[in-house]
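Shown next as structure tokens: one chain only, the form predicted alone.
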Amino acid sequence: MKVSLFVTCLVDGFWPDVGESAVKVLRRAGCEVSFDPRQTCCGQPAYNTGYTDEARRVAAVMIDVFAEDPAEAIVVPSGSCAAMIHHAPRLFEEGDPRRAKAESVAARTHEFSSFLVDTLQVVDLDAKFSGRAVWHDACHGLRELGVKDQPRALLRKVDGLELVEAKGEPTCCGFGGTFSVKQPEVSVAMLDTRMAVLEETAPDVIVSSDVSCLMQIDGRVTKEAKPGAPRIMHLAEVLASR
């Protein structure tokens, strides 16, 4: 299958290894992967903050790029950005030609783990990673896209990895885009609550599917600098390991 990678802003700017790992994994799964360097932000930060007009302008550029892309699927290593692309048609009124384009792009867009498991029906990617891992459910992926079982199925097939579950219902890490900037005290309190549950499993690595969550969690782990602190990794990085 021909696949186009939508790399996301945070991957591009802060965690490029995730993008490179996603390409490795997709190729290992038999896909022909392309990347259009003209791609831009999907408009999520503006949209979530209430700046609909600004989000529309940004999203329109991204939609124009991918509307021209001949790939059968657009794969996103982020549940939040994938969810935003699915929301993009509502930014444009009925009859606006950009709405039809947005609907076409949204129909081809898949979150990374969902694409592997649900579309390609691949769970074993011949990955090897030694250690005890706990999965953090990112809010948008879990609640908007229903991404829950897919990453766990992939991790269970990683040779040498022991997957453990955090207790209770999954809660937000407190990032929430601009929320973490506007409400830092609340954001940190939410993060500390989540970290207590994740660290209770004594993991060697905390794995998730959104770089926004990973940055939030990694920032806390780095600042506290506890001995034996877990590594923070994206699912694609684990699956690319050998």
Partner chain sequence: MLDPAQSPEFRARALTALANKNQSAAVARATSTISDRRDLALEEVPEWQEWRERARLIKAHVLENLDTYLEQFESNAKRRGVTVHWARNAQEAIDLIFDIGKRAGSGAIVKAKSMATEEIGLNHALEAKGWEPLETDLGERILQLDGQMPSHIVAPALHLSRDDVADIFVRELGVDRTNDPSELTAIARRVLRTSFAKAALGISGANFGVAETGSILVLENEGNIRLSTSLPKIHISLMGIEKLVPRFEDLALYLRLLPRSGTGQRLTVYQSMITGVDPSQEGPEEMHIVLLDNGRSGLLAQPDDRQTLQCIRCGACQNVCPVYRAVGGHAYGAVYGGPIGAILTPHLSDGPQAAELPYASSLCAACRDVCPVKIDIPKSLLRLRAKAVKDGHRGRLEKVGFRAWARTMERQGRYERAMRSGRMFQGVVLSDGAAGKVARSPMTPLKAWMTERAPRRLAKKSFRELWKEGLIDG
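Since this is a predicted model, take the numbers as computed values, not measurements. Residue numbers count along the first chain shown, from 1.
What comes next is about the form predicted together with the partner chain, which does not appear here.
- Not displayed here, the partner chain is approached by Lys223 to within 4.5 Å at the level of heavy atoms in the predicted bound form.
- Within this chain, Pro203 is remote from the site of the partner chain in the predicted bound form, having no heavy atom within 4.5 Å.
- Although the partner is absent here, Ser180 lies within 4.5 Å of the partner chain in the predicted bound form, judged by heavy atoms.
- Residue contact check for Gln216: one or more of its heavy atoms lie within 4.5 Å of the partner chain in the predicted bound form.
- Only one of 103-111, 117-125, 153-161, 136-144 lies within 4.5 Å of the partner chain in the predicted bound form by heavy atoms, and it is 136-144.
- Residue Cys172 is the only one of Ile74, Ala83, Cys172, Ala166 with a heavy atom lying within 4.5 Å of the partner chain in the predicted bound form.
- Along 25-47, residues Arg27, Val33, Ser34, Phe35, Pro37, Arg38, Gln39, Thr40, Cys41, Gly43, Pro45, Ala46, Tyr47 each place a heavy atom within 4.5 Å of the partner chain in the predicted bound form.
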